[in-house]
Structure formats: structure tokens, C-alpha cells
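To begin, one chain is listed below as C-alpha cells, in the form predicted alone.
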Amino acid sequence: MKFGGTSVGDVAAFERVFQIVSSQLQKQPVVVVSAMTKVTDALLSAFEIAKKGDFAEAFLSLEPHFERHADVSRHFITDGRPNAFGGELELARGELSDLLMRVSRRSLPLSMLKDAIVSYGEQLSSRLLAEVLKAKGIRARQVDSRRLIVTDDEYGAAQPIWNETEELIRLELGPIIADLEVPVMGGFIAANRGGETTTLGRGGSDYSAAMVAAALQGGELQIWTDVTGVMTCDPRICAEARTIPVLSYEEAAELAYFGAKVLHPKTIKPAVDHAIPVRVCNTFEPDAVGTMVLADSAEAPNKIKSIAHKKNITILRITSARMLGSYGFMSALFQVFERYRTVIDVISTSEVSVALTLDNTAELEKIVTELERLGDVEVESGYAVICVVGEGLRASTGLAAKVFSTIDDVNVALVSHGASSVNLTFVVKEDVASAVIQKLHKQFF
């Protein structure tokens, strides 16, 4: 059971987590927890302040967040009872003070110090949750994730070394679970072979939980967050949007790319590879049935599971007679984007032209200057990518016709169909995107 930052934001949130965990004790849960909301950002901000040399200000900026942890601890663990968390919090203050001092003096590599500092969000939330569960009568034990997850030395986005990690998770957690205790560990944090703290990058807590689920061959991985699963479209655009009961991993991956931020596909891959179902649940509505992500899922009756979108898209069109019958042109084109580390979203080609979309235009001017060596370049901004996702789309007769006839009064600037068997993507002007999504949702749902 992985709980995100919003699930452990305050006293009420910790109470909800206790209720959820206690209702599933018979399933022998392992709990993985993110840092309290806003704590990771506060730690990163303190690191940046210390980097400028202002150590005292950096440390002072963390005080309100130490106090939030202490508030939760005081609420659940009343005076007169042993409270191990108080000591842990004092220890963390001292260690963070020392680390921030080192940052201001640059006495160790900054990337190493940054991971060590950021790790305290999860260290504190997991220790606090373990103490809260104990105070409420659950046999819980905090386990330091840095003893379980072994990574390379790439600070900030470390890659786990799977066979060593798998063995350590089994060795450490197996006996605790067998003893009917609930292990509580922080997500996102790990350590390299030398024992230095590393972090797993974006979506890292889900990744930690997926690795634990895979290593222990769990029955299910539950991702507890602040939404009830993945929706048929953005509920802010279409009030009729509803939760999708089952998604395949491939469908979830396509949707994640287009802004369905509930799951990051890389992070749940260890669970999917080991055929462990992943369920997205809402901490605030624990009885609502969320979305289940499986390695494969059946086709929906209407073939479509969800309509995702991304705004602020720019289209580039490159036209060149040199393309005709020549090889190496696409390679030269892609090398430009590689040089400027810019991701291409959608791509469509003809005999003498290529159209592609970008959502990151930070290096646009430099990219266009280089592309002009290859051919004529047009740049158009103010577009949105719409992505219709569902198993079996490519093999469905007449589905594309049904999609486009539903929006026959809208100009479609670009289409990509067939590259993925679960995705039909097209590009429209940003100002009509909401209307397009509403029409399609009405037609298919």
C-alpha cells in the first residue's frame, strides 16, 4: 500500500491512513509512504538557500515543517506515553543542520548532499506513521528503505540494481511480515553500494512500492492518492467523466504521457512485469472502487477507454525536396532535437515534409535555426494534442471515421494513427480542444 503526500498531510490524513491500513490487516500489508505534502519542496528550497551561503536562513525555513510533524505526533501519542518520534525529530534537526552547513561550505559534492537532504521527508513521514499506527494498536515497524533498495551512483535519478534489491527486500521484510507486523518504509529513497543516500527521481515512491510488490510477489499493489483512479477524461472539462475500472499497462502508459498524472508508467513497471495488479485508490473515498491496471485488459465495448489531452503545443513543419527518395534525412532531423534535449510528441511524415509537435519550446529558436539548414521551417503555436486511448483501436473498422465525423466542424492539423495499437492522436487549435473533448466524450461514453 503506497500513500502519497496528500494522504499524509495532517492529523486527519494520518487518521484516514490508519483506518485504511487497519481494514486490510488480514492481507498482510507493507506500507510505503511519501513525504508529507510540501516537505520535499521545502527541503529543496532549503538546499538552494544554503547553496547561496545562507545556512541559518536555510535551516530556519524548515521549522514550520518540523512543527507539522510534531503536531501529528502530539495528537496521536499523548503525554506520559513513550514517544520515540520526538527523539527522531531532534536527531533529524541536528543532521539536517549539519548537512545544510556542508552545502553552504561545499565540503562534499552538492548532488550527494541534495539527495541526503531531500531524503528526510520520507525518513520522517515513515517513522511518524509507524509510531501513529503503534499508538493506535497496530503492530508496525519502520524499516529504512536505504537498507533495502540498492542503486547506482546517479544522484537525483538513481537506477535500482534489481537482483540485489530483490534479495534485500525479501531478507528484511519477509521475517517482519511472517511475524504479523506491518513494515512501514519511505518511498523514493535508496542508497548506493557505498551506503550513500540516493533518490529515485520523479514518481519514486510508486517505484519503491512496485519493487517491494515484485520482490515479495504481492497479491496487489495499491497506490493511494487524492483521486479515484484514472478518468474517462479530465473532469474539469467534462463533468460526466467517470472512473475507468480496468486499464492495460499500455493504455496507462499512453495516458500518463498525456497528463493523466495518477501513474507514471516507468514506476509501476516492476509490478506489471511480475503480473501484479496495480489498483489506484482514493484516500479520501476509500470505499470507491478505483482503476485496476493489469498487464493486459479486455477491450471496452466501444473500444475507447479514455480521452486525454495536452495544451500549449507548438507544431513545426519542415519541407524539403531533399527528402524525396533519400535516406539519412530523418536521422539528421532527430539529431537536432537530441542536441537540444527536446522531446517530440507527435510526428507525421509525407514524401517531402515532416510535421511534429513539441510541448517544450525552451530551445525553439536554436532548433529552428538548425532545421533551416535542412529545409523550409514553419512554426505554429497555440495547439492542443488530443489522444483517444483504448485496446484494439488500430484493428477497429470505422472507429477513426466515427471519431472524425463527431468533430467534422473542427479543423484537424495533424493525425497520428497506427503507431500504437491503443492510441489515436490528433492535433487541433487549443481554443476548441475543450469542445472537441466534450463532443467525443458524449459520443463514446
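Computed from a predicted model, the values in this text were never measured in an experiment. In this text, residue numbers run from 1 along the sequence as written.
If you look for the form predicted in complex with a small molecule, you will not find it shown, but the lines that follow are about it.
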Residue within 4.5 Å of the small molecule in the model of the complex by heavy atom, from 46, 31, 386, 35, is 35
Contact assignment for the small molecule in the model of the complex, among 205, 357, 126, 222, heavy atom within 4.5 Å: 205
Within 4.5 Å of the small molecule in the model of the complex: all of 115, 155 and 192, by heavy atom? no
Exercise: residue 188 in contact with the small molecule in the model of the complex, heavy atom 4.5 Å: yes
Can you check whether residue 420 is within 4.5 Å of the small molecule in the model of the complex, heavy atom basis? no
Against the small molecule in the model of the complex, would residue 61 count as a contact residue? Criterion: heavy atoms within 4.5 Å. no
Is there a heavy atom of residue 416 no more than 4.5 Å from a heavy atom of the small molecule in the model of the complex? no
Counting only non-hydrogen atoms, the one stretch of 104 to 112, 196 to 204, 87 to 95, 329 to 337 within 4.5 angstroms of the small molecule in the model of the complex is 196 to 204
